[in-house]
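Here you get one chain, nothing else, as structure tokens; it is the form predicted alone.
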Amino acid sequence: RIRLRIRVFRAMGGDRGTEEELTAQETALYDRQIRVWGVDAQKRLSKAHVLVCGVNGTTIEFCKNIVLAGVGSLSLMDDHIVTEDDLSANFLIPHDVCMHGVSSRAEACCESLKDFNPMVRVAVAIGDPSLIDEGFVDRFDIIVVSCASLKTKLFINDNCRKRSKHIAFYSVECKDSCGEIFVDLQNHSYLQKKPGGEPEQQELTYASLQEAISVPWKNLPKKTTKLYYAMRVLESYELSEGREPGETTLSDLPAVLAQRKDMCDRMSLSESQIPTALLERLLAAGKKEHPPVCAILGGILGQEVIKSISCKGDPIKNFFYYDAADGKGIMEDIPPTPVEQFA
């Protein structure tokens, strides 16, 4: 079992009791947003601990948003050394960092994030996300995973679900002009505003990532976005080939088309539901992110995490897709499939 070290660059005191009031400094700093979502929501936010596995243009937009909002603590896990490719979408990495070749992505962004809000505790977690243990997971209330293999995402999501405490899980991927967010809040209670009436308590039950991607395609609505299917084909191909996310090019297209045919035949879905042109775009993207799409996905993810922590507002259930080609954002609710359907 791997031992993970946490390098804390700035600490702002220990955890506070659940009933402790906001300090005068916090109240003054967060005055505008307190007027929007209330004192209780801000108190919940100030006690929340967030882990981000995978630092890229999309997750750094998310980190900026929750740091500005006043999250309790943020830990970044990404040991990959900064390269010139990282500079295209990650606006927090100083341009001179990659020249020295000694800073990890997490380390390069940590100091800059502190400048957004000195009241937020920011740390770098050193380790491999695919090997984090249950004790480490217990330190957090929210875990966001990006640029990780499907195997790693499933492993972390499963660990979140096994814990006695409630840990919300999110994954987010940006493929150039396309993006996907997955949300697993397990059992989630929240207040829903009613026009002209009192807020009502709502309950939602979420599927795990494994359940959400295992639903037979023939059981899904005909209007299910093509991006859902395309992302499943791509991640299945990467998994079968032992590729890391984004380690694909247009030269892989014939093999990916064969993968599409095999999956569509098994799932009784027409191949026209997964256009070749869409797969070409995703393959050509590789690891490239489109900064405007990063900002959109990071903004939506930040909003969703704040909803989850504050227990206010309708959350995404459970996929969100964005495609800059048509400028549309689509939410898909992919439910768990009953066991008998796999029999």
Partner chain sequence: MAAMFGGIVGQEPENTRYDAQISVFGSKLQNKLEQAKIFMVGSGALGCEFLKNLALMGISCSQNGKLTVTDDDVIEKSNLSRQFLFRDWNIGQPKSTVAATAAMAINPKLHVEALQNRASPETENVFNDAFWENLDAVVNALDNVTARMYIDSRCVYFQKPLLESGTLGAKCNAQMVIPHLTENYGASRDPPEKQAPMCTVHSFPHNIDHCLTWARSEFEGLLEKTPTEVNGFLSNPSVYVAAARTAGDAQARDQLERVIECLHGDKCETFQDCITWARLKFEDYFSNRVKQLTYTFPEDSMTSSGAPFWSAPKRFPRPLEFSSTDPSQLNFILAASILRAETFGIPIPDWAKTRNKVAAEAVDKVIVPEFQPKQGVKIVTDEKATSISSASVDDAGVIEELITKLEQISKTLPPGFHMNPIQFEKDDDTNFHMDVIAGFANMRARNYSIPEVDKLKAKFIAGRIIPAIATATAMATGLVCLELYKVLAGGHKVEDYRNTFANLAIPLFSIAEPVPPKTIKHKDLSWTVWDRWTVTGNITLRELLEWLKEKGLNAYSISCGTSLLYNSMFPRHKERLDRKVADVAREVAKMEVPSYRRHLDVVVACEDDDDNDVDIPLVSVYFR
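Predicted model, so just to flag it, every value in this text is computed and none were measured. Residue numbers count along the first chain shown, from 1.
The next section is about a form of this same protein that is not shown, the form predicted in complex with its partner chain.
Peer 1: Does P275 reach its partner chain in the model of the complex if we count a contact as any heavy atom within 4.5 Å?
Peer 2: Answer no; every heavy atom of P275 is more than 4.5 Å from its partner chain in the model of the complex.
Peer 1: Indicate whether its partner chain has at least one heavy atom within 4.5 Å of a heavy atom of I334 in the model of the complex.
Peer 2: Flag for I334 set to no.
Peer 1: Is there a non-hydrogen atom of D115 within 4.5 angstroms of a non-hydrogen atom of its partner chain in the model of the complex?
Peer 2: Result yes; D115 sits at the interface with its partner chain in the model of the complex.
Peer 1: Please run the contact check for S189 against its partner chain in the model of the complex: heavy atoms, 4.5 angstroms, yes or no?
Peer 2: Contact with its partner chain, no.
Peer 1: Quick check: do L185, S208 and S310 each get a heavy atom within 4.5 Å of its partner chain in the model of the complex?
Peer 2: Answer is no for this spot.
Peer 1: Check each of F91, F155, F136, W217 and return the one that places a heavy atom within 4.5 angstroms of its partner chain in the model of the complex.
Peer 2: By the 4.5 Å criterion, the partner-contacting residue is F91.
Peer 1: Hey, which residues along 172-202 are within 4.5 angstroms of its partner chain in the model of the complex, non-hydrogen atoms only?
Peer 2: Heavy-atom contacts to its partner chain in the model of the complex: D176, S177.
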